[in-house]
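First come two forms of one protein chain, each written alone as structure tokens, so that there is a structure 1 and a structure 2.
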Structure 1
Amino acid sequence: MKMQGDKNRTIGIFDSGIGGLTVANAVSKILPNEQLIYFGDTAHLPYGDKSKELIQRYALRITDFLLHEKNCKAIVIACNTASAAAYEALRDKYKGVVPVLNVIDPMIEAVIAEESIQKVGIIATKTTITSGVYQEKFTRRKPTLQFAALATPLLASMIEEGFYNNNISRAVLESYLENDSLKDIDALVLACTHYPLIKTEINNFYKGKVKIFDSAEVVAKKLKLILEKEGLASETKSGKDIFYVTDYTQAFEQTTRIFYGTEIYLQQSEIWKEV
């Protein structure tokens, strides 16, 4: 059964916290006529070291809220960890109801499209890396592609605390990127919401010789294509973007500026109030 309403319905974007604002930011630039509802599950962050089962439970409840209480016309799982753990469950549940996008598949397509890439590296949270989802999808699509995956769990909290473009972030990055497994890569996938903020530093580390892919722009472009194909693209913005978190603190609100560029106002969501 299709959800009710017209093209002016909102787009729901969710993440474990506020890092997914990098995706929301890219979506608002590429699709300026769309009204967004952003949902950051700050009460449960980080997702990056939680089990697949728990993340699936969170993702299903959040999507239920976005669809049934907010009548969204499309859902974007902005979080890599939630995409790795819960995409299939959401896609199957909402098949034929609304398009559900994850940040992984558009990235796989973007990398495969660059035929010259022989070895690709992935950096992400522990849960994304141990899920093996990138490896499985790359191998299925291009069996000859060499692949290296490295969990870089310090990076997300480092960025959230404002450590980027400085000596500390450079030292942490270097110690990860010098890992033997990443030797001879032609491309590096930044498979975490937070990493677009350190893209320049990573580029500097590789002196521009490794092509860097970040999910924010790739997924925003894919969303545009899907909305156009499904006849769901809005012609005028119907209202202001709305930003929910499940645990409001002033610190989160201040950090949003890092990820979104401009100041935003966070609202407390009560979906976990029964817990």
Structure 2
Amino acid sequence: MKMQGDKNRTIGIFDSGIGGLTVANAVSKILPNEQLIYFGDTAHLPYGDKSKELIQRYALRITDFLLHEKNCKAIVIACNTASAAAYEALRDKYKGVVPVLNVIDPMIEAVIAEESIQKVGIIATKTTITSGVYQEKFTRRKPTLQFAALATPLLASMIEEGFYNNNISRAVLESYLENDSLKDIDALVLACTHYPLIKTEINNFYKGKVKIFDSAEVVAKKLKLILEKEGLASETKSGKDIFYVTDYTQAFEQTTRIFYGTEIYLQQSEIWKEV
């Protein structure tokens, strides 16, 4: 049974922190008529050091809040770790209720659809690379595709501190991208929601000769297709976007400008006190 309501209901987007705001920003640009509710579980970040079972519990509680208390018509898991750990549980529980998207599968689909790509590089946090989720999916979906996965642990914290598009970020980035494993790649997957903020720098490094797959843009385009296919696309924006965090600090609010591009107001959610 689908949830009651019309296509002007909101879209729920959640992440362990505020990196997923890059996805929310891309969605707001590609789907300007949609009202968004963003949920950053900052009380429990990072998800990377949590068990799969615990991440699933967090994801199910957040999704329940977005669906039943905020009446969302679609859910986007804007976090690679939560996508790997909790997507199947959410998909199975809410099948036939609302579309649930993760940030991994749309990226896999976008890459394998490009016949010209022979070798793809994957850069992400240590947790995502160690999980092997991208490697396993590429191997299963397109066995002929070569890939190289490289953990780039300094990038996310560097971006959160505002160090990008400067000499410091270029030096760090070049030290990673010059890694031998990434030689001769045709495409690069930015498998962390922080990385769209350094997409221009990465493109400059490769002089535009390597196709860059940006998770925020790819996921937003996939969401647009799904909403249109299911008749859920809104024709007019019904209200202002809302941004929740589970542990508010002024530092988080200041950092949101980096990820979202404009100043936003964070509200503290009390969902963990309700459990």
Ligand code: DGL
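It should be emphasised that the depicted structure is a prediction, and the values quoted were computed from it without experimental measurement. Reference numbering: structure 1, starting with residue 1. Throughout, rigid core stands for the largest set of C-alpha atoms superposing within 1.5 Å between the two forms.
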Problem - Structure, 1 versus 2, that is the form predicted on its own - result: 2
Handout entry: Displaced residue check between structures 1 and 2: I168, CA, 2 Å or over, core reference
Key = yes
Exercise for the section: For K240, decide whether the Cα shift between structures 1 and 2 is 2 Å or greater, given a superposition on the rigid core. Expected result: no
Practice task
Could you tell me the angle, in degrees, through which the smaller rigid part rotates relative to the larger one between structures 1 and 2?
Solution key: 11
Exercise for the section: For N204, give the CA shift between structures 1 and 2 in Å, the superposition being done on the rigid core. Expected result: 3.1
